[in-house]
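Next up is one chain by itself, shown in structure tokens, the form predicted alone.
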């Protein structure tokens, strides 16, 4: 009897030590592809005018065309990611660049990052106030400095040295963002539990971070993220967008990821890298890994938001645990796909 038990235990041990079998789910490799997001939040059909919805869908489609053209012409995934995010940074419709939200002090402080999946090089900036396109500065940090992350005055001094386009702080003012700050300040003054819950919901509804992941004809992945942060943020708060492994990650072995949501949770759980790690070490598909991180790990912890992710074959995942996320993708030879709400 003891011999039988020993044999069974040995067999179980061997099974537990086996490497996971390679999945056969992978599709035919796309020649090139691109996926974008314009932020996740609690948008609902009833709360958004049809005209506004059409405007967002049109803008997302326009952004996809920018990236598609670059990739179609043989441009790099880094070029596509940078130019796509530039287009979104230049639009007041998103919480990045021109449309950045205001801090509690009434300032616009911008963060961005970019990563090259070919060699794992990365660059990021945080808390800049006069840089028109923060993601372009992040790329220069990656390519023209020995560092990964530069912040505030130092980042702006580096921007001047690199002849990056600078603007006056007033450039970032939009009435929508300013009014959102005033509403946040009014809500902040309320002290009841019910009011504080409503305030938390208000903050959570303002995710407008933008991001992009691209796969080029050379098989290289790149990812980038850009944001104005959270409305009424205090004390120089910095979220996940400029944090490599939290807001942005890219690795040709696995995938590229850009996050949007309650940044503190994405930082604590290293959300972007975790998706890559689950693919590399657990042999999950990009959809399985992204869904697990967003809808299990983050959701169970109270972290709201979503991600866009793309694997080395061009397979796309766009999970989120809110009621909506501005998102879209396009692959070579296919029609672009644009979505806003959870029921699409």
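Positions refer to the first chain, counted from 1. A quick note: this is a predicted structure, and the numbers were derived from the prediction, not measured.
Another form exists, predicted together with a small molecule; not displayed. Remarks below refer to it.
> Among 248, 77, 260, 96, which has at least one heavy atom within 4.5 Å of the small molecule in the predicted bound form?
When the small molecule is considered in the predicted bound form, the option within 4.5 Å is 260.
> Between the options 237, 152, 185, 217, which residue brings a heavy atom to within 4.5 Å of the small molecule in the predicted bound form?
Checked against the cut-off, the match is 237.
> Answer with yes or no whether residue 123 is in contact with the small molecule in the predicted bound form, where contact means some heavy atom within 4.5 Å.
The answer is no: residue 123 has no heavy atom within 4.5 Å of the small molecule.
> Is residue 209 a contact residue for the small molecule in the predicted bound form, using a 4.5 Å heavy atom cut-off?
Judged by the heavy-atom cut-off of 4.5 Å, residue 209 is in contact with the small molecule in the predicted bound form.
> With the partner left out of view, is residue 117 within 4.5 angstroms of the small molecule in the predicted bound form by any non-hydrogen atom?
Looking in the predicted bound form, residue contacts with the small molecule do not include residue 117, since no heavy atom lies within 4.5 Å.
> Is there a non-hydrogen atom of residue 230 within 4.5 angstroms of a non-hydrogen atom of the small molecule in the predicted bound form?
Flag for residue 230 set to yes.
> If contact means any heavy atom within 4.5 Å, which of 163 to 171, 261 to 269, 80 to 88, 143 to 151 contacts the small molecule in the predicted bound form?
Flagged stretch: 261 to 269.
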